[in-house]
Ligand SMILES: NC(=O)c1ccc[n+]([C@@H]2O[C@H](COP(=O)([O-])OP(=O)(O)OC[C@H]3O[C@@H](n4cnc5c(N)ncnc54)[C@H](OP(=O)(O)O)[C@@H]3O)[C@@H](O)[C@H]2O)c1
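This document starts with one chain, in the form predicted on its own, laid out as structure tokens.
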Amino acid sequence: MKGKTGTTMGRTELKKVVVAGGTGLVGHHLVQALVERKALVAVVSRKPALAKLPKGAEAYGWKDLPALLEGADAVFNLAGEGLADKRWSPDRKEAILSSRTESTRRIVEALKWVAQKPPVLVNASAIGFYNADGQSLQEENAKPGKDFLAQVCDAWEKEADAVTGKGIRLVKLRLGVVLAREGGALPRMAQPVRLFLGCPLGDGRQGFSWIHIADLVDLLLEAASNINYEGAINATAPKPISHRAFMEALARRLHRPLWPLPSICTRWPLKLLLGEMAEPMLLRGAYVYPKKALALGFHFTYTRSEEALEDLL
């Protein structure tokens, strides 16, 4: 029986949805999926006039947020500056942090003015939350790491925590490396391999916890519509592998060799080129396991990197 939150048999119908950060790689795919499901989608953007959205979605400025949230069935927050777009100067690090915490804070503040509040906020986070040293699996109950990315994720999630206890279900999806054909990490990783310049970075033993874009969109939709999803949930395929193993699978898919370079031959050039971001972005990585999503019955279409690469390349 359908109630005030739009639930039927433990599920929320997504008819009217607000998406912050809907113009990025993940946001674009999510908005497309929502439109295909006949949802009314409002995308909140800093530059709504320039937003390129699928037909059926509309872009609005942040000033319109309270009105957009009124009566919405869900709000997704994917907003944030790209981590790998520029070298990490002090100003860039501040932009990475503030773009995430401020967008989340604005949503939380706007919700105070909404009479008929959306029943769920799905707020993005990232697996940068975890300690990336070692080979042990990181599940949702693990403590945060201590580096810059962990601090960003922890602050990001704490801003979202402010909605709890206000009748709004909060899901904090900790995204892994998103694999998609048109953007993100995969094209950048595939290009040197295509040019016969591919090699593992560092010692290659760092964790590579990934998720296919199709599975991520399905998980985002399930997190919003299924009332059993709550709290931190890892958005990663159930079989995390090492960076070296992923590069080997990528090379096989592209029918190219990998150069077996010593760790020092990639580690120091990357540090010189990229500075502080080299370690957390490329040379370290956590092995993250989606324990809660699996326990809730979520079905991953792509569980092995070979399957994902076959589909995307």
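Small disclaimer: the values here were computed from a predicted structure and weren't measured. Just count from 1 along the sequence shown to find any residue number.
What comes next is about the form predicted in complex with this ligand, which does not appear here.
*Asks:* Give a yes/no on whether Tyr130 approaches this ligand to within 4.5 Å in the model of the complex, heavy atoms considered.
*Replies:* Residue-level check for Tyr130: no, no contact with this ligand.
*Asks:* Give a yes/no on whether Arg37 approaches this ligand to within 4.5 Å in the model of the complex, heavy atoms considered.
*Replies:* No - in the model of the complex, heavy atoms of Arg37 and this ligand never come within 4.5 Å of each other.
*Asks:* Verify the contact flag for Thr12: yes if a non-hydrogen atom of it lies within 4.5 Å of a non-hydrogen atom of this ligand in the model of the complex, no if not.
*Replies:* No, no contact at 4.5 Å.
*Asks:* Evaluate Gln138 for contact with this ligand in the model of the complex, applying a 4.5 angstroms cut-off between non-hydrogen atoms, and reply yes or no.
*Replies:* Contact with this ligand, no.
*Asks:* Among 265-273, 45-53, 245-253, 64-72, which stretch sits within 4.5 Å of this ligand in the model of the complex, heavy atoms only?
*Replies:* That would be stretch 45-53.
*Asks:* Taking Ala126, Leu175 and Val178 as the candidate spot, are all three within 4.5 angstroms of this ligand in the model of the complex by heavy atoms?
*Replies:* All of them do, each having a heavy atom within 4.5 Å of the partner.
*Asks:* Report the residue, out of Ala223, Leu78, Ala160, Ala237, that has at least one non-hydrogen atom within 4.5 angstroms of this ligand in the model of the complex.
*Replies:* After the contact test, the surviving option is Leu78.
*Asks:* Taking only heavy atoms into account, state which residues of 15-36 are within 4.5 Å of this ligand in the model of the complex, ordered by sequence.
*Replies:* Result: Gly21, Thr23, Gly24, Leu25, Val26, Gly27.
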